[in-house]
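Form predicted on its own, single chain, as structure tokens, below.
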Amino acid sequence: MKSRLVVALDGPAGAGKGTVCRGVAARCGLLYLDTGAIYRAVALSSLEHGVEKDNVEALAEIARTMPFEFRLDGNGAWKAWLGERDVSQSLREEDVGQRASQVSALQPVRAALLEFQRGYGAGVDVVLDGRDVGTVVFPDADLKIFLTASLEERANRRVRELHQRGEPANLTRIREDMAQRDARDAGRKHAPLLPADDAIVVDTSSMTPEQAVDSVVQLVEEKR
């Protein structure tokens, strides 16, 4: 008898992974994990505890033991918690992002976070939002989805997001940056950003966020 349902949802930036995963988790009663956030959580904890960026052993220990999770609040929003603190905003700080980029390159940290992801939820049904969940983290996931959208649509979504925040955005530059990142991610030696052989590809180019959530909810329910 299966202990839990594991949904692996991967895809490039701008495909709508976060929106879809959070919506699906809330509607289907799944735990939710943004796998990119765990690197920021290690970074935040290391900065708060004065751990240097080259102290690999201490950083890996943080990755192994940090009490990090996402919780659904009373307003239906997923919040990141480190212990008993809501760190959703702290994870977005510039210095945290810079440190996260540094620690993500350390193999002992990546190995510890791989185990963190695999153990997340301790037997409870879960959906993980990432880039290599279906190929590396959970190659035996019950449901693998590769969420994608055209480059043009993903760039437009990013522009709209920035404008909503009141930030400037150059569509041409954003499109070029995304194309370059796509090429790097798909071509990298370790854990390239590619659909797992048995993943269901969902193209959200012409979908509203609600339609994208609906399509994935249907796939999840078919697995139950």
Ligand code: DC
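None of the values given here were measured: they were computed from a predicted structure. We number the residues from 1 along the sequence you see.
Just so you know, the form predicted in complex with ligand DC exists too; it's not on screen, but the next bit is about it.
A heavy atom within 4.5 Å of ligand DC in the predicted complex is found for one listed residue only; from Arg165, His49, Arg173, Arg188, this is Arg188. Among residues of the shown chain, Gln89 is not one whose heavy atoms approach ligand DC to within 4.5 Å in the predicted complex. Within this chain, Ala149 is remote from the site of ligand DC in the predicted complex, having no heavy atom within 4.5 Å. Within 4.5 Å of any heavy atom of ligand DC in the predicted complex lies no heavy atom of Arg27. The closest heavy atom approach of Lys79 to ligand DC in the predicted complex falls outside 4.5 Å. Across the options 94-102, 141-149, 79-87, 119-127, residues that bring heavy atoms within 4.5 Å of ligand DC in the predicted complex belong to 94-102. Relative to the displayed conformation, the Cα-Cα distance from Arg22 to Phe70 grows by 3 Å or more in the predicted complex.
Relative to this form, in the predicted complex the C-alpha atoms of Ser104 and Ala191 approach one another by 3 angstroms or more.
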